[in-house]
Every structure is written in C-alpha cells, then in structure tokens.
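For reference, the chain that follows is the form predicted on its own, supplied as structure tokens.
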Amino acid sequence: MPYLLVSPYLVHFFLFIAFPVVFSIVLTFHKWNIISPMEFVGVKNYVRLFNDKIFFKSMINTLIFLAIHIPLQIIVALFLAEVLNQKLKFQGFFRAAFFLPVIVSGVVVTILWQQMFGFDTGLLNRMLVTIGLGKVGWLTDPDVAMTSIAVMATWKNVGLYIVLFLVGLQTVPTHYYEAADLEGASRMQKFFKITLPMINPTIFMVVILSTIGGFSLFIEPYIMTGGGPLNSTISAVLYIYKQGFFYYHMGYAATLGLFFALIIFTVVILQKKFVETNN
C-alpha cells in the first residue's frame, strides 16, 4: 500500500523531471533540429557557447535587469508595506488592490504596459507632451528599454513582496517602538534602528525570490520588444527559447540551458551562504 500511494509522485518525477534532465544533458553533445535524427557532435556546443557574444550579451542584460529590479522592488514593497501596516480606512481593499496584479496573467499585464509605453499613442508619452516635454522611446531606445521592462515587472510582482514584508513587520514586538518613543526617537531612527534589523530575514528572502524570478525573465521582453532594440532587452531565457524554437538548434539550446541553470544554482548557493553568515 505505501508503494502504491507514492507511485503517482514517482511516475511524475521520472517522466517530467528525471527524464527531461537526463535527456537535456545528453542532448548537449548532439545536434538536433527535432525533424532529423540526432547527430553526435561532442563538445562543439560548449565551444560555441563560450564564443557566443549574443548569449553573454543576454546574460549582461539579465544582470542589468536584476540590478534595477531588485532594489526598486524592495524599496517600493517595503514602503507600501509600511503604509499598509498602519491603521487605515479600507485597509483590506488597498491590500487586495496591490496584490491583484500578481494574480493577473503576465501576458495581459505586459500587453497593457506595452500600450502605455507606446511612442506615439502611449499614455506616458501623451502625458509628457501635455506638460511640454519630449517623447521618450520607452521600448525603442536601447538605453531606456530594459529600465522600462524592470519598472513594469516591479509593478507586476510588488504585491507578493508587500505581503511578505507585512508579515515581517507584524512580527516586530511593539514594546521596542514603545521604548524608542520614551527615548524620543524619531520615525526614521525607529525605522533604521528597529524595523530594518528585525525584518532582515524577510529582506534576504525577498532578495533570493526576486533573483530567481529575475533570472527567469521571458514574457516581458518576448512580448514587448522581442529582445530589441539591438538586443538590448534580450534575456538569457529568451535567447535560449529562440535557439530552441525559432532556429531549432535543440542541442545548443540544451547546452545554454544547462549552463544557465548552473549559474542560477551558484548564485542561489552564494546568497544562501551570505544569509547564513549574516544570521
């Protein structure tokens, strides 16, 4: 009976996790376009990887996205969590409203923001023109496009991290603030001396989750820019997808995916070590 009860999980594990992982590793040593039989090529895919300038460009783009997205997300989420942690009218409504974008389809949100970022008819540029400023190429300027995507991704995901910060803020003992009030501490002093140190574990968790989510950046650049302009917004996952399903270089796509997975694994391990050291 125990083996019968765990058999659905074992079947799922071997079919959808173990087999794909092993097959993808084997595929890295082959050339395959899905239609023709696989052709063994040895380590040619790995040699091509280390000479692929566009792939490393996509890695740099992903890191730029993370450098903008993570600090922005932490600041906005923590600020809004502080506000929503106060006694407000319609507190439940506002908490639900900020969380709503998280459960909305990423494709829907991306199309919405794509319209807002439009150069001629987008809402943002129409507002800029109204106040006498020039239009901005939110998605057409290589220097601005990735920042625009990072802002949109922050709006989409910030509700989840507001909830996490709210949980962290509500676990801070109130007598710390009462003692600080007796000592005449200002609001800023209480925030930096009490709140931040007490929610340190929550901040680290948000950083780790944001990092993993940021590395999987795909829908936003795929729909909004297609990786352009001039490959300025092509992410690593989008580039792997294009190699596999646009050009049918399945062996090379598997090689890129394996290499990228090792990078994510390394980053998460380093973050875990950092968190353990600071705790």
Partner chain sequence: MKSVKKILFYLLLTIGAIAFIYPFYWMITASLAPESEISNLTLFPSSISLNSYKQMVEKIPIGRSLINSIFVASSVTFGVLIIGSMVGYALSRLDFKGRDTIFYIIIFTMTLPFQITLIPQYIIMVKFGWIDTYYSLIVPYLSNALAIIMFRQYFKTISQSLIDAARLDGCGELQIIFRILWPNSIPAIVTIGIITFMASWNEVLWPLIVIRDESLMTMPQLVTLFAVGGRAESQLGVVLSSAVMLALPIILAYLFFQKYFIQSMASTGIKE
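Since we're looking at a predicted model, the values are computed, not measured. Positions refer to the first chain, counted from 1.
Missing here is the form predicted together with the partner chain; even so, the following discussion is about that form.
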Problem set entry | Residue (of 130, 105, 189, 174) lying close to the partner chain in the model of the complex, criterion heavy atoms within 4.5 Å | 105
Exercise. From the list 142, 71, 118, 101, which entry has a heavy atom within 4.5 Å of the partner chain in the model of the complex?
Worked result: 101
Problem set entry | the partner chain in the model of the complex: contacting segment from 131-139, 174-182, 192-200, 77-85, heavy atom within 4.5 Å | 77-85
For this session: Tell me, yes or no, whether residue 270 is in contact with the partner chain in the model of the complex, where a contact means a heavy atom of each within 4.5 Å.
Result: no
Exercise. Does the 4.5 Å heavy atom contact test between residue 205 and the partner chain in the model of the complex come out positive?
Worked result: yes
Exercise. Would residue 65 show up as a contact with the partner chain in the model of the complex if we use heavy atoms at 4.5 Å?
Worked result: no
Exercise. Can any non-hydrogen atom of residue 231 be found within 4.5 angstroms of the partner chain in the model of the complex?
Worked result: no
Exercise. In the model of the complex, does each residue in the set 42, 47 and 50 place a non-hydrogen atom within 4.5 angstroms of the partner chain?
Worked result: no
Seminar exercise, completed: Contact check, 148-166 vs the partner chain in the model of the complex, heavy atom within 4.5 Å, ordered by sequence, gives 155, 158, 160, 163, 164
